[in-house]
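The chain below stands alone and is given in structure tokens; this is the form predicted on its own.
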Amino acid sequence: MAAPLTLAAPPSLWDPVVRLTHWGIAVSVLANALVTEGGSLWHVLLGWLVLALLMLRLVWGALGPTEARFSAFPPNPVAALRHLGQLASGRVRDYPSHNPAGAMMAYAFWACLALVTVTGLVMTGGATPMQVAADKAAVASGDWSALIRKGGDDNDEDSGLRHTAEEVHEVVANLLLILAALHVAGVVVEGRAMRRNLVAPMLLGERRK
């Protein structure tokens, strides 16, 4: 096999904000997809957490260290396809941040996360976790007035919007799981091609050869 091409060494560590947002979003999305019930307090709470972490990561993409900034891994479909071709031939090279294929995956994730959180807000009427908890506590005590009032305030247009948001929410949530599976597969293949542990730096903050 031909020796790997080298462009620039990747960062020796991923900064705490990148690691926090990466794993926080990953755990929250998987929990909401596989564990929590849609509309439950935990589902809504994790949805708000995902939104907060996504906003933090986007701000960090403008203000963070060089390897975390959007300018270090701009979306480039042509470069991503070229990188996949190099990967298939066993001739991979280092990048100072995400490789082009990883960059495209990151932007796809962020777009889907934005869409799934926005549709979630539409479905819940923008209810915060505290409001959801209060409504559920009221129902548990036998007071249905809050839910009846909310239902009465809906008109046909609002109902149609929420129904559309629900359908989009479900499709995009499933798409996120597909992207996550592709991401894991890509990390495994890339790590083997480069003979490098790509998971340890995101877990531990330092790159282990």
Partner chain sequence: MTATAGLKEAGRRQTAALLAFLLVQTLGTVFFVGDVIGDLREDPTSVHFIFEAGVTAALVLGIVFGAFALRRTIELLRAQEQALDVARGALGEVIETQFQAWALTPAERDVGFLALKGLDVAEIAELRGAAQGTVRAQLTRIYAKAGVSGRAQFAAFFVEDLLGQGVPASVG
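Numbering follows the first chain given and starts at 1. Every value quoted in this text rests on a predicted model; they were computed, and no experiment measured them.
What comes next is about the form predicted together with its partner chain, which does not appear here.
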Check your understanding: Is residue 53 close enough to its partner chain in the predicted bound form to count, meaning some heavy atom within 4.5 Å?
Key -> yes
Check your understanding: Does residue 20 reach its partner chain in the predicted bound form if we count a contact as any heavy atom within 4.5 Å?
Key -> yes
Practice item. Report whether the minimum heavy atom distance between residue 49 and its partner chain in the predicted bound form is within 4.5 Å. Key: yes
Review point. Does its partner chain come within 4.5 Å of any heavy atom of residue 38 in the predicted bound form?
Key: no
Practice item. Could you tell me if all three of 83, 102 and 168 have a heavy atom no more than 4.5 Å from its partner chain in the predicted bound form? Key: no
Study note, to complete from the structure: In contact with its partner chain in the predicted bound form (heavy atoms, 4.5 Å), from 86-94, 108-116, 71-79, 124-132, is stretch 124-132
